[in-house]
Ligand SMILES: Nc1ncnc2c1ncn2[C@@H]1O[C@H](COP(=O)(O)OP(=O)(O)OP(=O)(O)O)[C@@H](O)[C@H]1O
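Single chain ahead, written as structure tokens, the form predicted alone.
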């Protein structure tokens, strides 16, 4: 199982939209895919029309085992399952802190299901926390949506500094431009600047589009409700880049 994290220190950067569309594209190629919604806002769970069981909470999540197995739900799409979020995940840091080897708890939980899936995609909450460090330890690759603005770039630079300080492998970090408005001169300037000096910057640029925003109306990935659209094509390009990075060939068949 290859674990991919969609993560950003900053919220509102298109992280969940990317996670949902990438998960759908992976499953459409017949990869057994699980998307894990770690954000207490539960946006991924909302898009897939799934609610967690009433008695499921952050304390049970960190125990793993049968609590994970019992709460993984099938979506409307073949090969795609979801482990939904709960509002109690706002206390996930505290629940993790009570566990031994707390920075590696997610890694241990997911190891128990690694033979059941080809891809695990983590939709992560923003910020730097114990949850984040668990994500960094559990993930094979971390993909960071980056709005081409000064503040967004600054938070990415802080993330790189954090990886250096904690001696995490920054080679697992990949950034891609998100919510791009090509008519804005600032966006163009920032993208040119970053691409000229940055490493691990993906080629695909996710635009700011109304059809992507309508995912919240249709409660589906744009790759599902508008599969022939330009936005779906762009997400498909992002998926091809990511699949190539992971070394997996096309499984469709």
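Keep in mind the model is a prediction, meaning the values are calculated, not measured. Positions refer to the first chain, counted from 1.
There is another form of the same protein, the form predicted in complex with the ligand; it is not shown, and what comes next is about it.
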Discussion item. If we define contact as a non-hydrogen atom of the residue within 4.5 angstroms of the partner, is residue 47 a contact of the ligand in the predicted complex?
Written reply: yes
Worksheet item: Applying a 4.5 Å heavy atom distance criterion, does residue 179 contact the ligand in the predicted complex?
Response: yes
Fill in: 4.5 Å heavy atom contact, residue 29 to the ligand in the predicted complex
no
Fill in: 4.5 Å heavy atom contact, residue 195 to the ligand in the predicted complex
no
Discussion item. Can you confirm whether 3, 116 and 247, the three residues that make up this candidate site, all sit within 4.5 Å of the ligand in the predicted complex, judged by heavy atoms?
Written reply: no
Practice prompt. Spot the stretch among 65-73, 185-193, 210-218, 52-60 with residues whose non-hydrogen atoms come within 4.5 Å of the ligand in the predicted complex.
Written response: 210-218
Discussion item. Residue by residue through 12-33, which ones have a non-hydrogen atom no more than 4.5 angstroms from the ligand in the predicted complex?
Written reply: 12, 13, 14, 15, 16, 17
